[in-house]
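In the block that follows, a single chain appears as structure tokens, in the form predicted alone.
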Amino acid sequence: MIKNISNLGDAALYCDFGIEVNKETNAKVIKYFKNIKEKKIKGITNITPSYNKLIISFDLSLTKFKELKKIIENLELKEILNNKGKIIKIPICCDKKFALDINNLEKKLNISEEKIYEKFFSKDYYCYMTGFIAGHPFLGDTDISLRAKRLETPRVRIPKGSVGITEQFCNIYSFESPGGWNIIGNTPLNIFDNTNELKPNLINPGDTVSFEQISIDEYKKYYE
């Protein structure tokens, strides 16, 4: 399943699963991620999955690259219970105050606002990875007709809960942060809970997200 394992700095393995970015490839990454995590292999300090890569950090005082590489290459994989992930419904308000880039997207894509939202809400999205900031999910795959490039000049501040699209992915900003994605709405849900040490992420790799459009009045009720 792994195409190649190489050094990443002095204390990490770079596991390459190929160039494809799709559910099938990502499912292999997640399978290794969960198996390695469950086995609690000596010396491993962190495991980071992405679209088609897996980075395994380790403590040089406890193990070495060649030793760990051999363990990973000979790892006996087992099916993980509930490996399919959860289906999570996320409400989004697309009021003008939240849809910061909808007008620009109409011009970029040559599609009406109504059509953009119709296409966006008509399908579910697979979580390939989380990163950039804590709990921030990268979700695919958007409709081909909605695949716009990032903003030429990223914003210094994007509000927490903002939902953005760029190329084949959409995302949800778990905190206020800089960013260059095209913002089309905002969710009132807390995507990352730093008070929950065991399960801080609402959305994890392998989960499926179903977006639901809500009105501004429905949005406000979450804060009452």
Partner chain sequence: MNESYFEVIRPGINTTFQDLGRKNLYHIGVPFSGAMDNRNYTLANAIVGNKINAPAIEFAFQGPLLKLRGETIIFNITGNITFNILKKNKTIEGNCYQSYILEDGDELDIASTNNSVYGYLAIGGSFDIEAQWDSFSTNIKAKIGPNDGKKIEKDQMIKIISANSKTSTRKLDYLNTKIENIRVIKGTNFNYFSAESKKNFFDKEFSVTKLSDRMGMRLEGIKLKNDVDTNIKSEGIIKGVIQVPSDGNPIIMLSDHGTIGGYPKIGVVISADYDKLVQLPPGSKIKFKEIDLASAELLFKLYQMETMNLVSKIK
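No experiment lies behind these values; they were computed from the predicted model shown. Numbering follows the first chain given and starts at 1.
Same protein, other form: the form predicted in complex with its partner chain, not shown, and the subject of what follows.
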4.5 Å heavy atom contact with its partner chain in the predicted bound form for all of 12, 55 and 138: yes
71, 111, 102, 134 - the one with a heavy atom within 4.5 Å of its partner chain in the predicted bound form: 134
Residue contact check: residue 129 to its partner chain in the predicted bound form, 4.5 Å heavy atom: yes
Proximity of residue 48 to its partner chain in the predicted bound form, heavy atoms at 4.5 Å: yes
Contact test in the predicted bound form: residue 32 vs its partner chain, heavy atoms, 4.5 Å: no
Its partner chain contact at residue 8 in the predicted bound form, heavy atom, 4.5 Å: yes
Partner contacts in the predicted bound form for 157-180 (non-hydrogen atom within 4.5 angstroms of its partner chain): 167, 175
